[in-house]
Structures are given as C-alpha cells and as structure tokens.
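Take a look at this single chain, the form predicted on its own, given in structure tokens.
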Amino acid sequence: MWRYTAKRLIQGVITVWFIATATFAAMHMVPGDPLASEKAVSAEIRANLEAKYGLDKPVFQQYLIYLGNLARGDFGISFTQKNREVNDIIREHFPVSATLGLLAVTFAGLGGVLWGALTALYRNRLPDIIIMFLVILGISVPSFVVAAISQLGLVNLNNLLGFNVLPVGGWGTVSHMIVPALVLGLSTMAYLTRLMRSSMLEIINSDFVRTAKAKGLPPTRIFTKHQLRNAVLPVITVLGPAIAAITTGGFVVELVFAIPGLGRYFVEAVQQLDYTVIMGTTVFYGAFLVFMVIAVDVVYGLIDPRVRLD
C-alpha cells in the first residue's frame, strides 16, 4: 500500500508539472497585452511594470522562475488587483467554492445512491421510468440553463408568495447555499444515479445475493449488507473526481447567483488577461483534482479488501 501510494504521488507531481507547463505555454500564446489596462503609458513606467512582473526577461527564464515559485507555493502577484497576491485570492475565496462544492457533492452523492438503488429495485416500473426520465434531463441540460431557470422560478415564487422563500443570490447563510448547491450537483447526481442503477442490477443478480435469499435473510439486511454495500463501490471510484469537478467547476453557478467564490475571480481574470491569476488558479485546481483522484484510489483499496493495489 505504501509503495503504491508513493508511486501515485510521484505520478501526481508529474501531472501537476505538465498542467503548469501547458498553462504557462498557453498564456504566452494567447494574443493580448496584460498591461494594456494600465493607466500609465509612458515607456519608463511600462518598463518598471514589466520588470516588476518579470515580463522583461526571456520566456525560458520566466518559465524557470515560474516553476521555482510554484515549488515554494508562490503563485505570484495579480496584474489587475494592485499588490494582491494570487495566494491571498485563493485563500480568501476558495473556501466559498469548496463549501458550495461539498454541499453539492453531498446532494449528488446521497441522491445518486438513493435514486439509483430505487430504480434498480423497481426496474421497468413507474418509479424507474420517472426517475430515469429526470436523469436524462439532468444530464442533457447544461448547468447555466438550469441555474437561470432556477433563479427565474425562485423570483416568481417569491413574488407570488409576497416574501422570500429562499434568496435569489448572494452568500452568507445556509439559505443562500441551497439552490446553487442543488443546481451545481444536479448533473453529477444524474450521472451517479445511472451508475448506481447499473451496478445495483449486477449485484441483484449475483450468486451471493441469491445465496443470502436462500438462507432466509431479511430483505432489509440483504439490501443494506449485500446489495447496497457492494453496488456503491463504483460510485466511490468516481466520487473523488466528481468532488474536484464540482468544487472547481461552479464558475457559471457562482456568476449567476453572485457567489464570491474562486470561480468568479477566474472568469474575471480571463476577461482581463490577468496571467498570474489564471495560471495560479489553473494549477491549484489541477493539483486539487489530482490529489482527489489519488485519495479515492487509496480509499477504494481500504474499503474493498479484495482490491490489492500493490
């Protein structure tokens, strides 16, 4: 187990290096001037700004400095936000995105396991047909469409009742999180429902389940101890990447619901060509995703004794 974990960590470091290198190359190929928005236009002040941000050095030297800063955990200084480090932006706003993402993952995980098991138990009957129809909608409709429709419906509901059932936007209380978390986790919940349904159908027809029924075990115990426990393993496998994807993929939802998360700052950085913020958040998100995949691989081996990772 330790050898496998160390091997996966080394692979993760190489993957993060590749992400950082690709991001650096992409930022230098994008047309535009990151200092174009600066009010100072004199050659002397522009030269000072280029020296401050290291833009006066050769590209390869910039790359080495960039890798050295990354090794120390330093993502640099924002081009557009005066004297504000990218580390501070991540430190202040990632907890907001993480809170929203974890709540969305909770909804998606619990809902996916519940609805997937229910559709398998009622296969080809009315509950299965209704839930799978909703699952197809959840997978097909983009999150920004669901976010806009949800916000519009919430506005109409609040106007109809004469008081705010739930806030339309903003951040600060649990009520602000409910609708954005549901919207953010909807597509993942639909995917996990399909995965859980397929896994559950395989387990239901397996030999050990038939043996448990032949022994006269109660249906509730068969469901919880034999069917559900084994069917949930494929869901756990994809849950790590799903957590990272939801936590780092709420850009549109954060914009629509005016949530001050890190995704919102990433979108603004792209619009303003803030290279350091773009590269810093991209590498941070990539490292977070790699870490979650490694963590799930290790946890999967601990949960299922049949798996021998080494």
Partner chain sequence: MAEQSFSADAFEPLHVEQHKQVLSRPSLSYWEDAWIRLKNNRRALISLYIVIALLAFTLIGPLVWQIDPSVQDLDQVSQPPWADRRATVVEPYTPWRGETLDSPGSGLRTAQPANTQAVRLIWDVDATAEGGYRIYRNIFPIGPEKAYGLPLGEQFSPDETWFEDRLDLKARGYYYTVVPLDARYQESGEGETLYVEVHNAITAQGAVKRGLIEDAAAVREGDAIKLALHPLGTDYLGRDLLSRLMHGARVSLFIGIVAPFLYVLLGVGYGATAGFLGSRADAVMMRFADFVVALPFLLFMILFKIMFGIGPGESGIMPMLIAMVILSWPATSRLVRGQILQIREEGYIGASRLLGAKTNYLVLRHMIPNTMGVILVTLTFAVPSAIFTEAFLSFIGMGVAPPTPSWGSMCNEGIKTMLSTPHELIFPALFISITVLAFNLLGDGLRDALDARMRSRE
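Residue numbers count along the first chain shown, from 1. None of these values were measured; they are calculated from a predicted model.
Although not depicted, the form predicted together with the partner chain is the subject of the following passage.
- Message: So the partner chain isn't shown here. In the predicted bound form, which residue out of 158, 224, 140, 87 has a non-hydrogen atom within 4.5 Å of it?
- Response: Comparing distances to the partner chain in the predicted bound form, the residue within 4.5 Å is 140.
- Please pick, from 236, 178, 148, 114, the one residue with any non-hydrogen atom lying within 4.5 angstroms of the partner chain in the predicted bound form. Partner contact (heavy atom, 4.5 Å) among the options: 148.
- Query: Tell me which of 196-204, 170-178, 67-75, 98-106 has residues with heavy atoms within 4.5 angstroms of the partner chain in the predicted bound form?
  - Reply: Of the options, only 196-204 has residues within 4.5 Å of the partner.
- Given that the partner is absent here, does residue 130 sit within 4.5 Å of the partner chain in the predicted bound form, heavy atoms only? It does not: once the partner chain is placed as it appears in the predicted bound form, residue 130 has no heavy atom within 4.5 Å of it.
- Is there a heavy atom of residue 125 no more than 4.5 Å from a heavy atom of the partner chain in the predicted bound form? Outside the cut-off, so no.
- Residue contact check: residue 265 to the partner chain in the predicted bound form, 4.5 Å heavy atom: No, residue 265 is distant from the partner.
- Please run the contact check for residue 258 against the partner chain in the predicted bound form: heavy atoms, 4.5 angstroms, yes or no? The answer is no: residue 258 has no heavy atom within 4.5 Å of the partner chain.
- What are the residues of 268-289, in order along the chain, with a heavy atom within 4.5 Å of the partner chain in the predicted bound form? The stretch touches the partner through 270, 271, 273, 278, 281, 282, 285, 286, 289.
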